[in-house]
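Before any questions on binding or motion, here is one chain by itself as structure tokens, the form predicted alone.
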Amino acid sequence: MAINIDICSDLGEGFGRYKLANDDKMLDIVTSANLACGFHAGDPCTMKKMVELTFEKGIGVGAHPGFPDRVGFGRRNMDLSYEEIYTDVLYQIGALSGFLQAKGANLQHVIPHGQLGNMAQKNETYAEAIINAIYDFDPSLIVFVQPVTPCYLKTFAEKKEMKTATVIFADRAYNDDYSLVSRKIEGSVITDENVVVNRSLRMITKNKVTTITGKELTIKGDTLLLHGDTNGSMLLAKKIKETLIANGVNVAPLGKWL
């Protein structure tokens, strides 16, 4: 049986005159794009441009809502209420969707960004607010979740019979409980090209990953995420994709096979 995988990246995370990654080139490689929605990064002009590019290239588009924290790039903890999380997420999904509708396109998925996503895996209030916002907007959207246990984001999505996809990280180290190693810890972001490529291939074809402590875990993902702001991300994504295809893996947008 063929192995299917989606390759996604967090894109559109510049704003105004500032650019964070080579989004245009990355879109020639990835099969899905997680687009910033204006809170942790992005702005209306950037969202419009990214939607136009993804539409031209047939890329699956996901909303990447985050904390209202540009200075911290959405990677700092925030203590928000259910209502704040719900309205922030719904607002951001709606903003990106407006640009998609103008092109006659639709959202494929939603993946909460940074600490919003990390906290939602284990915080019931955050998870419920996010899932309810997505469900109220469009219950057919795919929800990206992490392979942690328990994963409240997945639990609330399944209660509403929503489709979920497990996201695995090409360039981020894992703790023994499947959570991501804090970026404050050395080694949390893996930069060695050969390590990232071989690690990605092993996760997808062998369903195995070695944690930062050396423990081997079983892991199965639907989409492989490579951060667009990682040094050399474009060339790395290209090599990962070529390696996967050379090893018989079918690389395609989630919406075509999940």
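All values reported here derive from a predicted model rather than from experimental measurement. A residue's number is simply how far along the shown sequence it sits, counting from 1.
FYI, the form predicted together with another copy of the chain isn't displayed, but the following is about it.
Shown without its partner, this chain lists Phe137, Tyr178, Tyr152, Phe169 as candidates; in the predicted complex, only Phe137 has a non-hydrogen atom within 4.5 angstroms of another copy of the chain.
Checking Val148, Leu90, Met162, Ala105 for any heavy atom within 4.5 Å of another copy of the chain in the predicted complex turns up a single hit: Leu90. Residues of just one listed stretch (24-32, 40-48, 193-201, 209-217) have heavy atoms within 4.5 Å of another copy of the chain in the predicted complex: 40-48. Shown alone here, Glu124 lies farther than 4.5 Å from another copy of the chain in the predicted complex, counting heavy atoms only. Among heavy atoms of Pro68, some come within 4.5 Å of another copy of the chain in the predicted complex. Another copy of the chain in the predicted complex comes within 4.5 Å of a heavy atom belonging to Glu83. Another copy of the chain is not drawn, but in the predicted complex it has no heavy atom within 4.5 Å of Ser188. Residues Thr87, Asp88, Leu90, Tyr91, Gly94, Ala95, Gly98, Phe99, Gln101 of 87-101 are found to place at least one heavy atom within 4.5 Å of another copy of the chain in the predicted complex.
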